[in-house]
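Below you'll find only one chain, the form predicted alone, shown as structure tokens.
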């Protein structure tokens, strides 16, 4: 057992037994729902049952901008929770805007945690201005799901029944075409309706594969490749290999119903596939691979969940409350194998690098994606459901449906988003 782990357990044990009046109640706000939400609720219940000193009370709020708007507003007036789950892509906005309090190394050490316990990339994303503002929980990259029954009919599987390597945009486009031609089903499904985010994540991934960020030094930095890449994606829809205008539930239902050869989506859909396969209701065999190398490398968009402590204005939490909060965070980190069963790649290295996690299926099929993840560029306006993503979701889906040309969509995107790049980061 690592010394820091032992310290953390002793620190928590030292709080036992506790009279009811001494119990520290930790109020947590989370944006985790569906399978993620169920797993977090289970971790909360297990933690609460494991000791009597701390009780976590979790409230689930609506994902996306509603969650962040409420978190920011509540923290500013001192009415926020003690703990919140956030996307690390939003850290520059939340930490830089004064919404979060920093976490001192000594506070982490008191519960047996330290920075080198976490995967380096995710730990770095938890820092802002030289301080720690979050404890990373996971990474959840974009991956390529495939229906083995349909892919097999299209001649896309090897002798072991796995997807043959796909490399290059032409190769993926041909795979989509072959599924459509051989089965009559859609080659691909992905969220593509107005106000959806999947096209942003895929576009950002493919630009990164060409060594191009969306934004750099306060300017749009993708150049002509932005339009060309968006046009290649739109071409799948124009050719009839994918259906435009599908919202998230419709797109996932198309794949889960066996009506699409491939699905580009985040790893958060793994639990539903596992559940369907175990229950015998899925109706097909599936596989998952990292987003293929379609240009120069296999970069793929990802984000990470993390635990953060709201600053709560002029009502900062006591040292005892902070210790209670971080005791729960440490517990979840050490028990994040259960979180991995939700498809996520744990950020806590002793779990992420354990034999159990490395052998976990179907996670092992796409584990290599962890080495190629790219996040939204840093910026107060970036990140999950942030202002720039919201603008992108207005215009980038339009070329998929033929409503705008890629050039026109990007012109409108840049025109509206330029004000964000020029605006000073807000202080809340």
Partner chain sequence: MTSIHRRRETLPAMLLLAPFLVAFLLFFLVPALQTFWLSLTDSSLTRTSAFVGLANYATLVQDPSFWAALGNTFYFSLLTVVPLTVLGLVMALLVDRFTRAGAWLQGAFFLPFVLPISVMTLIADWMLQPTSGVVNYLLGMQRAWFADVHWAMPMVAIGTIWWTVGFNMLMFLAGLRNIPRELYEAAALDGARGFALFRHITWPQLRPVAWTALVLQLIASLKIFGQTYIMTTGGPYNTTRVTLHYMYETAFTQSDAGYAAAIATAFVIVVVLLSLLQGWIARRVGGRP
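Positions refer to the first chain, counted from 1. Note that the coordinates shown come from a computational prediction; the quantities given were computed from them, not determined experimentally.
What follows is about the form predicted together with its partner chain, which we do not show.
- With the partner omitted here, the stretch from 383-391, 50-58, 28-36, 363-371 that lies within 4.5 Å of its partner chain by heavy atoms in the model of the complex is 383-391.
- Using a 4.5 angstroms limit between non-hydrogen atoms, residue 45 is distant from its partner chain in the model of the complex.
- Residue 22 falls outside the set of residues with a heavy atom inside 4.5 Å of its partner chain in the model of the complex.
- Contact annotation for residue 410: none of its heavy atoms lies within 4.5 Å of its partner chain in the model of the complex.
- Though the partner is left out of this view, residue 73 does reach within 4.5 Å of its partner chain in the model of the complex, counting heavy atoms only.
- Taken together, the three residues 65, 424 and 428 all lie with some non-hydrogen atom within 4.5 angstroms of its partner chain in the model of the complex.
- The listed set 281, 217, 318, 195 contains one residue whose heavy atoms approach its partner chain in the model of the complex to within 4.5 Å, identified as 195.
- The partner is not shown here, but in the model of the complex the stretch 393-428 reaches within 4.5 angstroms of its partner chain through a heavy atom at 394, 395, 398, 403, 404, 412, 415, 416, 419, 420, 423, 424, 426, 427, 428.
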